[in-house]
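Quick heads-up: the structure tokens below are two forms of one chain, split into structure 1 and structure 2.
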Structure 1
Amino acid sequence: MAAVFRTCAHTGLKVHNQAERLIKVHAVAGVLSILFGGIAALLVLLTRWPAVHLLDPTNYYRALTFHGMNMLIFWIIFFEIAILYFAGPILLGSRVAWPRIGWVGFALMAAGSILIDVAILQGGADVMFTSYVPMRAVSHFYLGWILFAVGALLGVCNFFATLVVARAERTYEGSISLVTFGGATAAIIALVTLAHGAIIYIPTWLWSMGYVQNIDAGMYRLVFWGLGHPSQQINVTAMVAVWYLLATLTVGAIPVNEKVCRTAFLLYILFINLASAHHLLVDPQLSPAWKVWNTSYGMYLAVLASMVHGMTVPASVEVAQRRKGLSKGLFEWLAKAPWGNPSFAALVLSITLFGFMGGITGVTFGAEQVNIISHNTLRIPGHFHSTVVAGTTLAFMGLTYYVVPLIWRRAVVWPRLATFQAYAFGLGIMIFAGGMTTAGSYAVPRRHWDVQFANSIFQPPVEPAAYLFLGVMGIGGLLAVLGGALYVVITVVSVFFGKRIPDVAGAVPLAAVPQDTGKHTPISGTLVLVFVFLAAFIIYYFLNWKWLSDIWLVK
């Protein structure tokens, strides 16, 4: 069957009809997942907040499991596969290599997510996101994991096959775009990650049906964290690729040095999964040398990559703005940026919150010594809400406001409300994660249903300040839930009722934007922001070692 293409009036991109359809179904599944996960998030929030304490223990852990699966896995990975179908066939002007395989992969992912959600709602899988053995769920919970992982793997393989097709059919000139390169990096990490998921859940599925008598808990944890943490590293890599794309779409930015950016993506492939080690620091089967290497020297190379991206994306925005004449002082380029554009607002909030909150806390809590006093407290969920939610989810939300016109050919309804949505969600998550992380500094536990341990024989003291910051967490969480609900409403209404955008001839493709004016443009404003970030990093890192020294008294 011959490939059918159209030219997008919004971006000038050449769109293969099969890629368009696959993006649609994956994006819809992602939005449904964030809707379901958001409802569960509200229930968990109102239980974690001592002033409300809504759910009983059973329903709390059920809602927590449902929230974790839908947000950390389904929403993110469905959307990431949609991004791969965008970064491959659409950005390269190519056809999808294996359309039927793409649909099979989506069907497996959808079936797997439904099986998992049904198992949880039936009360057969109150095992939380990690589902550590010897806790046992019903068999179709593990079968759902296997189907979802295999389906996502098919989507990833389809992306790589499409790269081969695009190269063979010469649909682009020179090297692939930086966004496509970032997508390829995320896809490589996804191959390793999803393979771990399929590997660990096959014997666990057999164990749940009684065909395997025992699953070693240490082995399970080791292999699971080859899935559990790296799945968030797929998010980070895809998020960075979206940053570069949004910078181009919103202000016409061009990467300041593509070789450096691509090298940073390469460092992600080689080193980013080492951060998984911080989940295994108390496991006795792993040597101290392995733990030290993975939580320090090796991991810092991945940190270097994130710092490179954290500088090059804002720098590209600064250069683009200064070349438009916004070059007075250090920050005119930033002050007169398109802050009313919801995608630009989402881009800046995503970079800022991911860097100043998620990045700094991640490196600090990942260090072996500090990790021991932080890992089982609310500081860890505070950290990953700063990365996966404030970083990845917010970036994906910003991209949605371009995907709707590009793929559905509908204008986004209520643009001002969309801008408010980006700010509400970003600021809500900032307050929520800040309150959660600070409450964790007062040893508020990470997973326990009742931080006050009201009905326990042993009742550890809870500092009064912890209640204050749990209240801050609750208020920020409500604002973030409002922002998430608005995102779902705006997206759905835009898809069904937004003004139609007809395709027109003569649109200028993004690839035709001039790559360089031949004139050096300073990035002095970005350099100031980078040094502010480094100062914040040093201060927070030092404070954590100070707090650690207060606990480990030496006489």
Structure 2
Amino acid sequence: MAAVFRTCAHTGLKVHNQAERLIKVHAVAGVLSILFGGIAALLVLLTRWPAVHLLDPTNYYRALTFHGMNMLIFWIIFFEIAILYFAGPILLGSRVAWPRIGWVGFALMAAGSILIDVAILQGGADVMFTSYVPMRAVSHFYLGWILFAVGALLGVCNFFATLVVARAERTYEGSISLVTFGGATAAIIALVTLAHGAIIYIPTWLWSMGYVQNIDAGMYRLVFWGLGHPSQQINVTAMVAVWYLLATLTVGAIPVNEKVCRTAFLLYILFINLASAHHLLVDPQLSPAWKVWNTSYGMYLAVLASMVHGMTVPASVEVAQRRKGLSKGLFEWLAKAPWGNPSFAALVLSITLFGFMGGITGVTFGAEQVNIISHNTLRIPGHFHSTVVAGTTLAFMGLTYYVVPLIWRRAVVWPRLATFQAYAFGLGIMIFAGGMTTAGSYAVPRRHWDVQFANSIFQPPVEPAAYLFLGVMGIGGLLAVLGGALYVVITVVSVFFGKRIPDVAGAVPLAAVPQDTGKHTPISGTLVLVFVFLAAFIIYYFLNWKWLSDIWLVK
């Protein structure tokens, strides 16, 4: 089968038709998943909002399991594999190494996700996406996990194989691009993740059918989180790669220093996966030494990496803008940025919310002792909706508005609505996650149908403030659901009915990359912003230790 290529008129990239098709199917499956997960999000949201309390317990737990699986696992991983087919073959101008394997992988992922969704909707898997043993689901739920993980693994291997092919066939000289390097980082993390998935789900599947007698609950939690948490680290890494990509597409940014950016990715490769320990900090089966070392990603070096990216991405935007002449004062570059471009709006909101909300809360709750006052309360979903939703999902949404014109070669319908979509989703999640995290600091549990404990033998008194913040969560959540629904509608309508874009340069407006003047361009605006960030971080971090010191003594 000879590879068929086209050259993209807008970017000059050489595009293998198999890569393009694989991107399309993975992206479609991703958007379908976010649609399913989004419907469940609305139902779960309206149940956790005490003023509404929509579903009955069974349906709430079922919808929550469905939401977690479709969002966290299906939407994110389908989209990530699509990104790998872009960052590998397309950015290197290479063919996909194994097109057939690519399709087999996709088919396995699709089959796995269908099996899981069916199991949940049948009522056979009301176990949450974590399915902690000895809680048991029907066996095709675990089989679905195995198929999905193996399928994703094939997609990842295809990426590595493509790197080899591109090098052997000399489609490029020198080093791979920064975005490809970020993709490779995500792929490395993914291999570790999916391997843990196989290690834990194969025995659990056998156990669900009665072939294995007993699976230790502590061991399950350890290995499961070797799957569950790193899959979030793939997100983070893919998101950062998308930040660099969007900065280039929207304002023509160039990484300020490749060495700094790539070293930060290297720190992810080495250390980020240790943070699976975040979930086990108040578990009985592991020692403080293990907890402290792993939860800190080996002395917080992966946090350092995120703090570096959080500086280098805005700095690259600042440099590009200043070189275009927007260099008055500290912030003209930012004030005159393309705020009306949905992808730029998504980029800025993604960086800001990921850093200020997701990052700060994550590192704080992940301190071994502070976890005592956070674990399994609403603080935790509050935290991760600011990382994986406000951060990753929003970045992926921003990217979609380039995937549609460049890959589908259709114009995005209603571009102004798309801009509104990005803001609505970002601000909605900000309010939602802020309300949720704060409600959690009043000990309101996560995964819990009844904030008032009306049906239990004892009725603990709940702080009135907790209800207030759950209301904030509800309102923000509605705005986010609106933003999410618009995303699905705009994307689907554009793909089917958007105006076809002619293959001529300039038909898709891409930001020009300004000339390198050879002189150093200041990044003073960015430096101000990152120090504001650091101040917020320090305050929130130590406030939590103060709150911790107010509870009972325990050791």
Partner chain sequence: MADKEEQKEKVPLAQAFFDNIFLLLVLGIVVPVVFYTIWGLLEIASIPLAK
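Here, a residue number simply tells you its place in the sequence of structure 1, counted from 1. Think of the rigid core as the biggest set of C-alphas that the two forms share within 1.5 Å after superposition. In this text, all values refer to a predicted model and were calculated from it rather than measured experimentally.
By the stated condition, namely the form predicted alone, the first structure is the one that fits.
For Glu463, a C-alpha deviation below 2 angstroms is recorded between structure 1 and structure 2 after rigid-core alignment. With the core superposed, Leu417 shows a C-alpha displacement below 2 Å between structure 1 and structure 2. After superposing the rigid core, the Cα of Val282 is displaced by 2 Å or more between structure 1 and structure 2.
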